[in-house]
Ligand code: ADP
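Listed next as structure tokens is one chain, alone, in the form predicted alone.
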């Protein structure tokens, strides 16, 4: 009996050790920080295959940056398109179709045919300036006229494509595909102003800080508590310059006027299930303003948090279970979009 009891005890110890090891492996967390898309990318993944997933996430984001979306890298597909190439890969064609549809659905508030306008203003470079009216009109003249038909891209004379407004969100979507395939238990991947929140835990909630447009980069004015999603923020504090009179010009342009958008907003945060869509919508909604954004957000099943120039935080979140917006800086007041 003693021998049998000893064997059972030993088996129990082995089983317990195996459970502990498995629990450790399934909850193993790895992280990395690297540069891509002119910003800092940070990733923290938890799961049995988290190391492999992290390696693939990094590879995919660098691929997107260097081989597909960058309009300044000679090895990227968009660079080739802007240089005269007309036939594109299925991957880029699919993305361009989504962009054209967003352009239509936003009434032109979102447009990727504005690379020449971006270059003209030079915001974020040492050559930033206020162009004259004739230059601006010439830059936006045909910005909506680019087309995608199958795998063929048609660019009017003088028009070049700029995917900077969706690249970071697209990176989040690629990361999401990887961590889902690798069965990661929990993943947070931040690519500049776009963040992927992924979890296999039912009803898991994440807390996301919303940057204070009037504060420093690490200061928040609100906290958003949400489930699995992609979150993207566009704000007038990201890149800007001031002219000799002290007037500020930011980098989010209204394609219909060629000037920085003037919608009474300082930032827009959009939450939806697609990183690409959330990134594009944050730009479109910044241009449109609160009232005109609401039908567009509804069309894409998205929620948003707007921060206005008069220090209001306006949210489309109503009485949604467990999903809340909490103001953390008392110079702002919280309201609900109607």
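Residue numbers count along the first chain shown, from 1. Just so it is clear, the model here is predicted, and its values are computed rather than measured.
Below, we turn to the form predicted in complex with ligand ADP, even though it does not appear here.
The putative spot formed by 170, 174 and 274 is not touched by ligand ADP in the predicted bound form; no residue has a non-hydrogen atom within 4.5 angstroms of it. Only one segment in the set 214-222, 179-187, 110-118, 78-86 has residues whose heavy atoms sit within 4.5 Å of ligand ADP in the predicted bound form; it is 110-118.
Not displayed here, ligand ADP is approached by residue 238 to within 4.5 Å at the level of heavy atoms in the predicted bound form.
Interface residue remark: residue 283 is counted as part of the site for ligand ADP in the predicted bound form, having a heavy atom within 4.5 Å. For the chain shown alone, residue 258 is not a contact residue for ligand ADP in the predicted bound form, no non-hydrogen atom being within 4.5 angstroms. At the 4.5 Å threshold, heavy atoms of residue 287 reach ligand ADP in the predicted bound form. The listed set 196, 252, 139, 210 contains one residue whose heavy atoms approach ligand ADP in the predicted bound form to within 4.5 Å, identified as 252. Residues 162, 164, 165, 168 are the members of 155-181 with a non-hydrogen atom no more than 4.5 angstroms from ligand ADP in the predicted bound form.
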